[in-house]
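In the block that follows, a single chain appears as structure tokens, in the form predicted on its own.
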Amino acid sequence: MEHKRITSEIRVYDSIQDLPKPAQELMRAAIGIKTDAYSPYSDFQVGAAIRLANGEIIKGNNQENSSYPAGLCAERVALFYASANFPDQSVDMMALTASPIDAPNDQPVPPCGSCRQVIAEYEYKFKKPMEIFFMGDRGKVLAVESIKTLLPLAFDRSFLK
């Protein structure tokens, strides 16, 4: 039997001000859209912003529904909009921020499992990693070079052939 070790490297920034300028701009866009989230059931707001290869910034926020599975996370709202409107543009970078409506959150919130799988699909589609920055509504920001850091051994279309 063989053993393999999977390791992850995550960068930790003390605040938005410590991020590279392009990531600061994207995180501010995510923060700006977060408060418009439709989250009457969870009272948990998420904002996402992505930068496409052509420089376009696309924003999304979580959209809940009383039939819970019918809602969408902020990451998927932004990615699906980008894919529908800019189908040939890869995503260079994503920024996420999340917190309860009435409570501060200084814990960085990564993408959920479903969003990780969708992000992996877009990395596979364009054969290009997507840098991801995520935070609560204040404090430290975590960053990864690719979703593969957060979702090693991801399922993709190569298994379907």
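In this text, all values refer to a predicted model and were calculated from it rather than measured experimentally. Residue numbers here begin at 1 and follow the sequence given.
One more form of this protein, predicted together with ligand THU, exists but is not displayed; see below.
Colleague: Quick one: from P100, P129, G32, P110, grab the residue that has a heavy atom within 4.5 Å of ligand THU in the model of the complex.
Modeller: Filtering the options by heavy-atom distance leaves P110.
Colleague: Check for me: heavy atom within 4.5 Å of ligand THU in the model of the complex, for each of L79, S90 and Y122, yes or no.
Modeller: Looking in the model of the complex, the three residues L79, S90 and Y122 all stay beyond 4.5 Å of ligand THU (heavy atoms).
Colleague: Please determine, with the chain shown alone, which of 36-44, 131-139, 22-30, 100-108 has non-hydrogen atoms within 4.5 Å of ligand THU in the model of the complex.
Modeller: Result for this chain: 36-44.
Colleague: Does any heavy atom of V118 come within 4.5 Å of a heavy atom of ligand THU in the model of the complex?
Modeller: Although ligand THU is absent here, V118 would stay clear of it in the model of the complex, with no heavy atoms inside 4.5 Å.
Colleague: Could you list the residues in 71-101 that come within 4.5 Å of ligand THU in the model of the complex, counting only heavy atoms and keeping sequence order?
Modeller: Read in sequence order, the residues that approach ligand THU (within 4.5 Å, in the model of the complex) are C73, A74, E75.
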